[in-house]
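Single chain ahead, by itself, as C-alpha cells, in the form predicted on its own.
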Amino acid sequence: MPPIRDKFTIHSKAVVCQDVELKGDITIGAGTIVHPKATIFAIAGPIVIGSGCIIEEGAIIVNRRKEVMRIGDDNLFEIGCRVESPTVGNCNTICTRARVHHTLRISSYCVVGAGVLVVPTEDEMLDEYTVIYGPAAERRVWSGRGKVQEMDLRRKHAEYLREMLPKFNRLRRGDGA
C-alpha cells in the first residue's frame, strides 16, 4: 500500500489546534472546532467535515473505506469517541467514549449515548432522530422536542471555544503544516 499523502484544507474560520493528529486528505469546514489531542485519519479515502462541528479532545475519526467520508454540519463528537461511519448527517451527537463502526451510516439529529458500541453486522442507515443508549445499544426515536434549544446551546458552546482555545493553544492553518 502506498504511503498516505497528507493534504489538509482548513477553512479560515475553523479553529484547529496545532496538536491535532491529522493524516491523509482532510477538508475542515467553516466554524468547525477541533480540540487538541483529537485524531482524524483518512486512511483509505478522504474525509470532508462540514461547518460548525465540534470535535473534542481524544475523539478519533477514521475513514477506512475508499469512498469519501462526509460529515455534515453542526455535529458534536465528545471526548474519547471513535467514529468510522462513512456518512454522518447534520446535528448529531456522538457522546463520550461511544464507538461507531464503519457499517453504520448516521442520518441527522441522532444521538449515540455515552460508552455505547454500535457494530451492525451489515451496512445500515440510522433513521433521523434515533437515540442509541445503554450497554445493549438499545434504540428509540426522539420526538425532536428541544431541538432549537439544543442548537442554541451548541452555538454558544462553539462561540466560547472559538474565543478560549486560541488563548491557550497554537492553531493550525491549512495545507500541510
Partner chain sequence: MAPKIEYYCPCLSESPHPPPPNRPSSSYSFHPLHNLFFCEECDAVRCNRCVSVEVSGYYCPNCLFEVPSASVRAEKNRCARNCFLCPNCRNTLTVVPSDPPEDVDSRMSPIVSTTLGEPPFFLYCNHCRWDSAEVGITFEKPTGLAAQLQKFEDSAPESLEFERLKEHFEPFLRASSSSSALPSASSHHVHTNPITAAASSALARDIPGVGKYNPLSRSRVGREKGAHRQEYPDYKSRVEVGTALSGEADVEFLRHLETVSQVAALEQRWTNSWVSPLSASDLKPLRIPLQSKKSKRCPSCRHILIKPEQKAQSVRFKIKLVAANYLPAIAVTLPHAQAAIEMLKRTSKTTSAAAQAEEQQAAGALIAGHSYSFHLAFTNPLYDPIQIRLAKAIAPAQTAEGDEAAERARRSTFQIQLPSAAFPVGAFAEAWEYDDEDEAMFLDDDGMEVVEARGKKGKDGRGKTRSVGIVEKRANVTIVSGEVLIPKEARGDVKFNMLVSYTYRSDDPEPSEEAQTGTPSRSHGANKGPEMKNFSFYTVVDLGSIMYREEPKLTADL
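Since the structure is predicted, the reported quantities are computational estimates derived from the model, not experimental observations. Residue numbers count along the first chain shown, from 1.
Keep in mind the form predicted together with its partner chain is missing from the figure; the text below concerns it.
- The three marked residues, 133, 149 and 156, each reach its partner chain in the predicted bound form, with a heavy atom inside 4.5 Å.
- The contact with its partner chain in the predicted bound form, taken as any heavy atom within 4.5 Å, belongs to 111 out of 111, 118, 48, 62.
- Of the heavy atoms in residue 66, none are within 4.5 Å of its partner chain in the predicted bound form.
- Residue contact with its partner chain in the predicted bound form: residue 84 places no heavy atom within 4.5 Å of it.
- Contact annotation: its partner chain lies within 4.5 Å of heavy atoms from the stretch 140-148 in the predicted bound form, the single such stretch among 140-148, 120-128, 31-39, 53-61.
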